[in-house]
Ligand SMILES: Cc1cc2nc3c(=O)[nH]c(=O)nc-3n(C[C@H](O)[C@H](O)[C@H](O)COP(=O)(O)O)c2cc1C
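The form predicted alone is given below as one chain in structure tokens.
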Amino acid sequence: MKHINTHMKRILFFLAAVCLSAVANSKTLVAYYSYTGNCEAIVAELTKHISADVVEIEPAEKGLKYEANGYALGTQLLNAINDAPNDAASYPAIDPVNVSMSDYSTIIIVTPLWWSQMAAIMQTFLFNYGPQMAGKNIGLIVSSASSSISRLVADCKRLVPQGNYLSENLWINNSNRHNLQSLITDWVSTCGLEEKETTININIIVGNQTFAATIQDTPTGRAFLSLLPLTINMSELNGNEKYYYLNSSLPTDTYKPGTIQSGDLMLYQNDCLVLFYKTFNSSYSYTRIGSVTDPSGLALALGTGNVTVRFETASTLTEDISTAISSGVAEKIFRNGQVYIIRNGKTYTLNGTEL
């Protein structure tokens, strides 16, 4: 029996190691090069939808104008690669990249198109790391003015010939760039990428009671978050809700929920904030903002009349951000295409939410 137990322990240990290895290798890496800022904007939107590590590829020589003099320098770099694509000396130097490809199962490449080809800077990165991407899922997002991306796709497959390419490439150009958010959303869904948790934590304070709530990461939710902290006197209606007309309109995406749940936070029309404290059936249309995580005691706290309610982010900076930065108490940083605030070793979004 002791031998069996020992054997079983070894099997369980092996299985646990395999599982941990699978988890460790299930991460996503986004590698991007951005010359004009378009690819940086793409990455900022993409990382709202998926959890990923981000690495920016940068040329070793700074300040070069690749488009100057009729695209002379950019064309020269691309011609050097085309003349000897297997020679490392043909590729322009880039800054060292501190990344271990073995940590990732999916790699998304975000790159500009240079005159029908992949930007030379990104080609250097893929020439150096392409062999390590064999067998990994490869996603390709291309930014261009109007030129077709077919030759760029060929560049990518030459540099990463053994990648498992996702079902679709995403092409962002001047004609569709204004639809960036929906294009990213559709592409993530089509390729079966795992969407990140898309809610933001806030507190709803009634009297001396605090209720945790989540706000959806939608245009309506983000617009509502921009109003926080918000202290309002909400009016009673129908024995099941409190409402308040905001001073400004929020984006709408109305639907008929059918059943309203206790704790639902909704927008009626475009400016009426509604907090429900009972569950019931409704035929009205609303735009969802979020919901109270545990509505137990919410009805009792809100009472039967008008009530003062405060909405605030779950963790907020105590000073005004600009004051904190100017006084040296806080520091503004740029990471993964977005701006964050560092204070006392903690990281916050611009609306004050602690990460």
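These numbers were taken from a predicted model, which means no experiment stands behind them. Counting begins at 1, following the sequence as shown.
Another form, the form predicted in complex with this ligand, is not on view; read the next lines as being about it.
Site annotation in the predicted complex: the residue of 104, 91, 114, 211 reaching within 4.5 Å of this ligand with a heavy atom is 114. Scanning 284, 280, 245, 71 against this ligand in the predicted complex with a 4.5 Å heavy atom cut-off leaves one residue, 71. Stretch-level contact check against this ligand in the predicted complex with heavy atoms at 4.5 Å: of 48-56, 304-312, 284-292, 35-43, the positive one is 35-43. None of the heavy atoms of residue 98 is located within 4.5 Å of this ligand in the predicted complex. In the predicted complex, residue 145 approaches this ligand with a heavy atom inside 4.5 Å. Taking non-hydrogen atoms only, residue 178 never approaches this ligand to within 4.5 angstroms in the predicted complex.
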